[in-house]
Every structure is written in structure tokens, then in C-alpha cells.
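Just the one chain here, laid out as C-alpha cells, in the form predicted alone.
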Amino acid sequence: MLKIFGFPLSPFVRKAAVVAREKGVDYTLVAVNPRNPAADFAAASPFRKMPAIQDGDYVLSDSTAIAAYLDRAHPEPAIFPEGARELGRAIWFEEFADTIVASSGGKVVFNRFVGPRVLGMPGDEAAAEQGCAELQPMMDYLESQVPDEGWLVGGAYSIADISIATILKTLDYVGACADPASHPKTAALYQRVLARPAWQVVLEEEHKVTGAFA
């Protein structure tokens, strides 16, 4: 069975789990401590980054690489578009979520949730406020790109929707997700994604872990 190494609060770990569930691939989520990595996690992720996977004798790290691997190993349903322009656009949204939004959102989530609730250490509220300020133009941009209904790229659900929704879910833990009053299209997209059966399963698993820190 596929093993996914990581902590479910991470948007990147969640992305890997959602892709697996959308593909109908069963997996075991293995909690890891990057500071004291178990041998199987260290073998799969030499730089101790989450998530990583072990699929038989095959190991791999990085959520984008894992999503691409699962999409090729289990082609139906496809989560990466086929058309060149659609594929480029989908990967742009994934990169936007993973590097731009996550960088600023991480300041909020770490200092208002992970630090004080998970690690038992005080958060830096000034850093959290900075992250919130940085998020505003990103949310405004996203609102300008989301269609009134349906999905982000080419009318089909894809890695773009998964990536955006997974970072929004992590921001939701600190109340920094898209506000329906100011960003109604983004908030509606988020709810459409979360309503999918694969997401419902992943979030049920996740809340069993994160509920302890609520």
C-alpha cells in the first residue's frame, strides 16, 4: 500500500492525500518528525521535506512531483490537463498556491496555530500581521481569476483547484481563508472543492488529528 509521510495540517501533505483519494488509491498516512526522521522517511525525503511517499520500492518527495507521479501511474481520472495552454495554466495556479500564497500564509498559520497550539511556543503576532497584509493582494488576484461557477482551468477539475483549495484549507485554521463578503467567487470555489467525496474523506482523516489542537 502507498505510504504518505507527513502531517495533515500541511497543505502539501493534504495535496498528496487528495490526489491519491481522487484516483481511488488507498494509502497509509505516516506521521513524521523532520527533526528526528525515521529511516523510511529519510530514505524517501533526503532533505526532510514533507510530503514524501513510498510506493513499493519507489520513493519520492515534493507534492508536485508526487501528484505528477500519481497522475501518470493512475491515469483516471486525470488531474493534469492535456492541452498545452491548460496544462501551463494549471501548473501556474499550483505554483502560485505552493510558493507565493504558502510563503505569506505560513507566517500566519505558524504564529497563530502551529507554534502556540502544536509546538507549545509563543507566536510572533507582528509576523502574523505581516502575513495577513501580504495575503490581501493574492486573494484579490485569485478572485479576479475564479469563474462564476465550475473550475479554474478549462472547465475541468484539476490540480489547479486542488492546490488552491488545499492552501485555503490551511489558512482556514486561522480564519485567514477567502471571505465570502469580499471574495465571493473564491469562497464559492473553495466550497465546491471541499464538497467532493475525495476531499470529504481526507478532511475527516485530517480532523481526527488536528482536532486535538483546536
Ligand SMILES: N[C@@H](CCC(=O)N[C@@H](CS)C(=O)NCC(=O)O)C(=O)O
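Keep in mind it's a predicted model, so treat the numbers as computed, not measured. Residue indices: 1-based, along the sequence shown.
From this point on, the text means the form predicted together with the named molecule, which you will not see here.
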query	finding
Exercise: F12 in contact with the named molecule in the predicted complex, heavy atom 4.5 Å	yes
Close approach of V59 to the named molecule in the predicted complex, 4.5 Å, heavy atom	no
The named molecule contact in the predicted complex: P37, any heavy atom under 4.5 Å	no
S163: touches the named molecule in the predicted complex, heavy atom cutoff 4.5 angstroms	no
The unique member of D98, E134, E143, E86 whose heavy atoms fall within 4.5 Å of the named molecule in the predicted complex	D98
A68, V174, M50, A187 - the one with a heavy atom within 4.5 Å of the named molecule in the predicted complex	M50
Per-stretch contact check against the named molecule in the predicted complex, the hit in 60 to 68, 178 to 186, 144 to 152, 22 to 30 (non-hydrogen atom, 4.5 angstroms)	60 to 68
